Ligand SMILES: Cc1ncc(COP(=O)(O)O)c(C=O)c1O
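A single chain comes next, written as structure tokens; it is the form predicted alone.
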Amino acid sequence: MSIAALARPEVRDLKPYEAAAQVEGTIRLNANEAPWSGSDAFRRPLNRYPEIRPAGLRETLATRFGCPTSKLLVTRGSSEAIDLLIRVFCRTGIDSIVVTSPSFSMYAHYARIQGAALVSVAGDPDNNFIPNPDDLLAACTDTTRLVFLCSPNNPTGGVLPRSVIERLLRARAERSVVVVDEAYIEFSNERSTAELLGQYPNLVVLRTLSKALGFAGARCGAVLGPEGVIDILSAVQAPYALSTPVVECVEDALSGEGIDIAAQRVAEIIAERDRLAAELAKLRMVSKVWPSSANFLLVRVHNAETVMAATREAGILLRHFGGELSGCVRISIGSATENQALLDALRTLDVDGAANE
């Protein structure tokens, strides 16, 4: 059975929007477009609609992420992919999703919007917040349509072992879609689970250009999965989802030179991550720095509220989640200069002893 059969009946046979034909070298009087462009800043005229699904960009991303074009849909960041998946697979008031905790909050956000039940499985803080696979499987029921696994995980930075992912894929074979969110994988030593797409028909992988490529403002990512699933997601996605400026800037970013620059910057981020982790561990206010395979560090401090206030006063913004992470702050890895400014501020606080009050 194709895992696409788990999609909501209302959308399973949905036909995509039929856009006006776009043919090079013709006079286009079929799409109610203006005959002039409001800007000449781009290679393609802005008075014309972009491709409804940009074929060239799709091919480029498929090459980068290692899958056939038929198994990839370009999305507005990976967040849109999460929204599409939950809308496609979860019936309001009936179906559920399983997530690990703590993890990316947008899984829960979109589940609430759709009216899908949320089942959360706590990770082990003494084991880099990796959840017990038995607990994950026990949380799944007949209504579980999606299992979201963020690896490397946000906000903890830990990587879920491949063996755990494959065990879930096998155990939930025709019953759940297992979604592996790889937004931060370029900062790790792990291979993408996209290489398993041909082996597990219930696997979906999320990728983004927001992190390693430095294109968070462009909002471009991709969802990789079985062709039947990709077809349904494409039918539900809004037409013309990617604007012409975004398509062109991403094309440039994925050129040979752009990729080389990105790889160099990722290496710099990893080196700074390791340096910052070592320096933070020396501070009295810091009780734990979790290992990270992402572009951030999760750090437990003695007084998170004081640390947040002091760094904000110094013009530096960190992230404090509260709840199960109430004693922790998440620190994104900045430039060497930015990281040094953070260390200087924390060292001053450490000496003053304010963080230990």
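These figures come from a predicted structure and were not determined experimentally. Just count from 1 along the sequence shown to find any residue number.
There is another form of this protein, the form predicted in complex with the ligand, and it is not shown here; the text below is about that form.
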item: Interface stretch in the model of the complex with the ligand - options 100-108, 271-279, 234-242, 250-258, non-hydrogen atom within 4.5 Å; value: 100-108
item: is_contact(residue 186, the ligand) in the model of the complex, heavy atom dist at most 4.5 Å; value: no
item: Contact flag, residue 87 vs the ligand in the model of the complex, heavy atom cut 4.5 Å; value: no
item: Residue 202, heavy atom within 4.5 angstroms of the ligand in the model of the complex; value: no
item: The ligand contact in the model of the complex: residue 160, any heavy atom under 4.5 Å; value: no
item: Heavy atom within 4.5 Å of the ligand in the model of the complex - residue from 219, 167, 91, 175; value: 219
item: Contact assignment for the ligand in the model of the complex, among 192, 120, 79, 96, heavy atom within 4.5 Å; value: 79
item: In the model of the complex, residues of 144-170 near the ligand [heavy atom within 4.5 Å]; value: 150, 154
